[in-house]
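First comes one chain, alone, set out as structure tokens in the form predicted on its own.
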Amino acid sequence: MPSEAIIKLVNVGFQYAGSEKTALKNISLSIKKGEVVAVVGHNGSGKSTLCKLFNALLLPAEGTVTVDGMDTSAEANLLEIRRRVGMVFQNPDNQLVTTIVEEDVGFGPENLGVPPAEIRARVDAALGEVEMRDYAEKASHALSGGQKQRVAIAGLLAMQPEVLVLDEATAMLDPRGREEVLSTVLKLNRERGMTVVMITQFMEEALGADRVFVLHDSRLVMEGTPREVFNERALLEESRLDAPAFVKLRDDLLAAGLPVSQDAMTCDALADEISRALTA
């Protein structure tokens, strides 16, 4: 299990100019290298504000944010921090800057002054990693939403980041598109050891994380493994969140007297538990 923190927040507060509401209050957390983290919360809880602190799109009004030991408030660190922490946003159309897929993926490295031969190699490798190499010469606007997000991820991979942050990157996608994006980022974590941070409104997506952070009214109110967090049903309800559908089904089965495991939190795991309980 990874242990070294790559992102660390200490007593962080943030308030948007002109707003009476504090967006974040006294947030302290750390994200480890190679970890998959999900950040969940109701609308307005502060989760999107939080993720923008991770690569200095926003700077804390109070406390400190560091990326691999670099303070985000130090201007000299800005370019290196943004190279290390790549962000994928909600609307895929807003992230594609050219009309052809391979040109879009090469846009970032070209702006960094990477030599053409290396750009070509990075583009090919990045498209291969998101399984979009067959679309290299296709028009970006003709892709599906999930494919566009995978191209956006490829564009970040060509920049060679260490952390991938998805700010509700699946919110505008259909179920198939969400599955495409989620499987892509989990593959990157599994095969490359890339640190992944998912800000999401879909509780089912958080089940694939190593840890889950729960925000409520601008504060971090809970963190733990998916099992620890989603078994705290009362705290989730206080935070105006639902448990994943299969967690609720598991609890209904337990309440009905079927002896299924508390660890059963996915469709496959619950199906196995029901089969075991009915044949015991």
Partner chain sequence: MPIVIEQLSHTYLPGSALAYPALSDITLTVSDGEFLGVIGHTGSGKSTLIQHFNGLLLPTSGSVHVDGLDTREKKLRKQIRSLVGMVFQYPEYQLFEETVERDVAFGPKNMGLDDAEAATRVSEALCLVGLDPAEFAEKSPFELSGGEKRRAALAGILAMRPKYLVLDEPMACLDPRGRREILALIESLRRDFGTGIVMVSHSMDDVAMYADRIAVLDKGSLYLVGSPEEVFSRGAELIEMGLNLPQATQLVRALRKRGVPIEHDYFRMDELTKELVGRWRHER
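Residue numbers count along the first chain shown, from 1. Not measured: the values here are computed from a predicted model.
Same protein, other form: the form predicted in complex with the partner chain, not shown, and the subject of what follows.
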| query | finding |
| --- | --- |
| In the model of the complex, the residue from L253, M70, A61, L29 that sits within 4.5 Å of the partner chain by heavy atoms | L253 |
| Answer range among 62 to 70, 30 to 38, 220 to 228, 235 to 243 for contact with the partner chain, defined in the model of the complex as heavy atoms within 4.5 Å | 235 to 243 |
| is_contact(D210, the partner chain) in the model of the complex, heavy atom dist at most 4.5 Å | no |
| The partner chain contact at V10 in the model of the complex, heavy atom, 4.5 Å | no |
| Non-hydrogen atom contact M203 with the partner chain in the model of the complex at 4.5 angstroms | yes |
| Partner contact for A5 in the model of the complex: the partner chain, 4.5 angstroms, heavy atom | no |
| Three-residue site A76, L188 and M194 fully in contact with the partner chain in the model of the complex at 4.5 Å by heavy atom | no |
| Residues within stretch 160 to 193 having a non-hydrogen atom within 4.5 Å of the partner chain in the model of the complex | A171, M172, D174, P175, R176 |
